[in-house]
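The chain below stands alone, shown as structure tokens; this is the form predicted on its own.
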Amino acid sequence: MQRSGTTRRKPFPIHIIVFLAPAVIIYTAFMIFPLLDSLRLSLYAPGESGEYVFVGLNNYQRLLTEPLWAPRFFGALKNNLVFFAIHMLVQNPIGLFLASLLSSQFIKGRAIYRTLIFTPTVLSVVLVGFIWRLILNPLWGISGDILGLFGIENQPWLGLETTALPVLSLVSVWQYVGIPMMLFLAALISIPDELIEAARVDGATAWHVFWKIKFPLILPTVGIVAVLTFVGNFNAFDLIYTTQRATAGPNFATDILGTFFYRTFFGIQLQPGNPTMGATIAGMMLLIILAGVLLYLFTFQRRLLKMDIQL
């Protein structure tokens, strides 16, 4: 018989470890360990005998200051910022607009439209890149016929330094606009109908209902979409590599940090691979992504928490 005043200790939840262990082991083996090993490799450089010697942060200094590395790095960083800005200013607003339309009960066939818009997201990036190269080909692509209807002269869009990166950014927007649309749609659907009906009874228009009621309530989702867009675009590689190869032509106009890392680490044509400098570029990518996520957590996220407390 248990004595009064004593508490029975709960058994340790071993089942949680059993369920989490496979995922933790796989994630550690294929994500955490390669990441830490890449950071370790960035602190070394090939010695005279061919063995790696510890050089500390010297590789990072070389990447940011030496004429051999700095122009290419800052050029790739600038292109990455442009790539990210186009997604933020084009993809996410379009995704929000489509989500607001498809959340309306007056739109018939909403499930069909959602499926059609989200379908490009699950397509292979290699397939998407190949198809768009055919479409944008100035000789036999159909882009010239379509643009001719609007009075726009056809050009080698992927062959010009001024248009290659914006065009590829819009191709990426076309493929992945379904992701922010679905996230925004889930947030809009979760808003209680009573709030919307009360606003309409008070005479609010659809525009005021969206900006005064719906948009403030989905601000946490807006922040999450912004962070996912930032992380995804600074990890981008496959579309540029598929369409422009590792050289990121023309004349490095589409070179982003992902292609710069690949070209440096593995080498290309007459350029031999340099694993230590490639790992350094990967380390800089990690620092940039980490800085962006921390900026979101300590600015946007804190403001949302303050708003929730006030409410």
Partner chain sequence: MATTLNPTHVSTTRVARRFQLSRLWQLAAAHLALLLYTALALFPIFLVVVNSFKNRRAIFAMPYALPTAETWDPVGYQTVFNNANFGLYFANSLIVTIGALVLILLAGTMASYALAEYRFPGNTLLGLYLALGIMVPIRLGTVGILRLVVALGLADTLWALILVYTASGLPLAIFIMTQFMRQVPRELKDAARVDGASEYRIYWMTLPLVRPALGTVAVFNMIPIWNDLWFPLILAPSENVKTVTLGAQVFLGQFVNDWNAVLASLTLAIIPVVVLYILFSRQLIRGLTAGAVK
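Positions refer to the first chain, counted from 1. Here the structure is a predicted model, which means the values were calculated and not measured.
This protein has a second form, the form predicted together with its partner chain, left out of what is shown; the following refers to that one.
- For the options 77, 86, 213, 224, the residue carrying a heavy atom within 4.5 angstroms of its partner chain in the predicted complex is 224.
- Heavy atoms of no residue among 54, 167 and 219 are located within 4.5 Å of its partner chain in the predicted complex.
- Taking the partner from elsewhere, residue 82 is found to have every heavy atom lying beyond 4.5 Å of its partner chain in the predicted complex.
- Using a 4.5 angstroms threshold between heavy atoms, residue 153 stays clear of its partner chain in the predicted complex.
- Its partner chain in the predicted complex comes within 4.5 Å of no heavy atom belonging to residue 300.
- Taking the partner from elsewhere, residue 28 is found to have a heavy atom lying within 4.5 Å of its partner chain in the predicted complex.
- In the predicted complex, its partner chain lies within 4.5 angstroms of at least one heavy atom of each of the following residues of 116-131: 116, 117, 118, 119, 120, 121, 122, 123, 124, 126, 127, 130, 131, in sequence order.
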